[in-house]
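Below sits a lone chain in structure tokens, taken as the form predicted on its own.
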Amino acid sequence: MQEAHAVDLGEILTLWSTVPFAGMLLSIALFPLFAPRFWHHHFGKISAFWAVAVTVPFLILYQGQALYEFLHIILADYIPFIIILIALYTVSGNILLRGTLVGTPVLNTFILFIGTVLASWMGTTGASMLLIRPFLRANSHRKNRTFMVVFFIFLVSNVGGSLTPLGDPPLFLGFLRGVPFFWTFSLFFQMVVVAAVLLTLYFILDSYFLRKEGIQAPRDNNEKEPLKIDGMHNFIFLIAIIGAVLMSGVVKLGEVNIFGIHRAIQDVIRDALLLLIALLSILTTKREIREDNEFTWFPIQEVAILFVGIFLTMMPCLKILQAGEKGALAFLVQTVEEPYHYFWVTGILSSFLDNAPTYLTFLSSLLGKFYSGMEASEAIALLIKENSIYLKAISAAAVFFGATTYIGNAPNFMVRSIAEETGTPMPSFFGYMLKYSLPILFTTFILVTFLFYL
């Protein structure tokens, strides 16, 4: 594997190499719309097809370098990504909120607010998996639930994760590169503006639809069950997950070579701990709790299968982007100068690519722009001191824009899958964008641009 670094793929790849990634995205967008039954039974085969479509030609053409890049994206990116999702999904699914909870505009808005606050401390995935089932049960009597789930994705699965490195992967990677843990609180006012706009709009829509439906919430119910939480010991496991993630960011134990890929030993230990936590959560929680919580493995299976295809097919896109002005997207990189440029380009790319490497790409671009040749940790300290608006722009964008598409952040897919399992119709890939994210989120992001980045 020594020859793995002999060629910089990003500098020699053309935009044609991104065709399998485009095919993967179009498959996710179009098959559920035009052939839903076929997609439900064969999405794994379709994901495998596009993965083969990119890996086989690359391995033939670029051999060792291609093998290195594919192994790296699987071992260093995909496996840690899916392990933390499995841990959060499993532990959150073993926590059951029992009792009579009736969804009203006030209660629903409050749940979204609580989820937005929790997301920065237990991750967008943890907060989403903890609250989506109680949220859906509370509104099972409502006719119009689709917009509720969409706003849940906006707020709990994305925007709420912007205040700490625990909230969203790009911020955690920034923390690993030297951004202080509490620096992300400097995004507080940006998050407040976005959350306030979305929560206000949600309350207005929920109130409108409730009046339109003419449904009277069951207020006086003699059989009203008091609220209580089963599986409370799983909150200890949630804290343990947070501790394992933090440990991997602050402890340095050296590296281990796995098939030619260097991984930090503390990261390997973290992954093992997360799997152990998930297993202990299952073993120590009664099966009845999961059954009453309508817990199934399908949402996480769908994410695992589709995202392995997404990760493999997006490798050429990321390499081209990381090549900067030497790659096929030089025309785009060269136009990114002002803070609002970084906000929108980072955000739009994060909507379709993995937001973590996109964030790192533009972080590296900023360090090269302002502090070329300087040690990374020292450069980041100066960036925060002298040009923090640029770091705020890419940090906020990487988190906020994840709500733009179903693939912008992993919880989006799982929330959609859980909603559909419980009978809530969800819009198609393009329907989600055209009806909800583009008109609502982009309008809000334009406001953010004028308030903070111009």
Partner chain sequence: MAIEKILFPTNFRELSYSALEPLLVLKDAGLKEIILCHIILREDVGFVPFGGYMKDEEEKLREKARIRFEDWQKTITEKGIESRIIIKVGEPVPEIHHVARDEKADLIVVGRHKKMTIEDVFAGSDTLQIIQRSKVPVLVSKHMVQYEIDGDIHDKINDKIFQRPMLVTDWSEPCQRAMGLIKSLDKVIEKTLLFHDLESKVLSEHDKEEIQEIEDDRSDKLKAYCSILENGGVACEPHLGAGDLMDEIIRISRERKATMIIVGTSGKSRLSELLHGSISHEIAKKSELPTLLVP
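C-alpha atoms forming the largest set that superposes within 1.5 Å between two forms make up the rigid core. Numbering follows the first chain given and starts at 1. The model shown is predicted, which means the values in this text are computed figures rather than measured ones.
The discussion below concerns the form predicted together with its partner chain, not included here.
Chemist: Quick check: do Glu294, Ala410 and Ser417 each get a heavy atom within 4.5 Å of its partner chain in the predicted bound form?
Modeler: Yes: Glu294, Ala410 and Ser417 each sit within 4.5 Å of its partner chain in the predicted bound form.
Chemist: Heavy atoms within 4.5 Å of its partner chain in the predicted bound form: which of the stretches 361-369, 206-214, 145-153, 295-303 has them?
Modeler: After filtering at 4.5 Å, what remains is 295-303.
Chemist: Within 4.5 Å, heavy atoms only, which of Trp183, Trp344, Phe307, Tyr202 is in contact with its partner chain in the predicted bound form?
Modeler: Going through each option in turn, the one that passes is Phe307.
Chemist: Among Tyr390, Tyr68, Phe58, Phe43, which has at least one heavy atom within 4.5 Å of its partner chain in the predicted bound form?
Modeler: After the contact test, the surviving option is Phe43.
Chemist: Within 4.5 Å, heavy atoms only: does Pro32 come near its partner chain in the predicted bound form?
Modeler: It does: once its partner chain is placed as it appears in the predicted bound form, Pro32 has a heavy atom within 4.5 Å of it.
Chemist: Using a 4.5 angstroms cut-off on non-hydrogen atoms, would Glu225 count as touching its partner chain in the predicted bound form?
Modeler: So Glu225 does not count as contacting its partner chain.
Chemist: Against its partner chain in the predicted bound form, would Trp39 count as a contact residue? Criterion: heavy atoms within 4.5 Å.
Modeler: Yes - in the predicted bound form, heavy atoms of Trp39 and its partner chain come within 4.5 Å of each other.
Chemist: Does any heavy atom of Lys252 come within 4.5 Å of a heavy atom of its partner chain in the predicted bound form?
Modeler: Contact check for Lys252: no, nothing within 4.5 Å of its partner chain in the predicted bound form.
Chemist: From first to last in sequence, which residues of 250-268 have any non-hydrogen atom within 4.5 angstroms of its partner chain in the predicted bound form?
Modeler: Nothing in the stretch sits within 4.5 Å of the partner.
Chemist: After the core is matched up, is the C-alpha of Thr296 off by 2 Å or more between this form and the one not shown?
Modeler: Shift at Thr296: 2 Å or more after core fit.
Chemist: Inspect the rigid-core superposition and answer whether the C-alpha of Tyr340 shifts by 2 angstroms or more between this form and the one not shown.
Modeler: No, the C-alpha moves less than 2 Å.
Chemist: Answer yes if the Cα of Leu118 shifts by 2 angstroms or more between this form and the one not shown on a rigid-core superposition, and no otherwise.
Modeler: No, the C-alpha position differs by under 2 Å between this form and the one not shown.
Chemist: Assuming the CA distance changes by 3 angstroms or more, are Val303 and Thr184 closer together or farther apart in the predicted bound form compared with the shown structure?
Modeler: Closer is correct, given that in the predicted bound form the C-alpha spacing of Val303 to Thr184 is reduced by at least 3 Å.
Chemist: Mind checking the CA-CA distance of Gly174 and Phe307 in the predicted bound form? It differs by 3 Å or more from this form, so is it closer or farther?
Modeler: Distance between the C-alphas of Gly174 and Phe307: shorter in the predicted bound form, by 3 Å or more.
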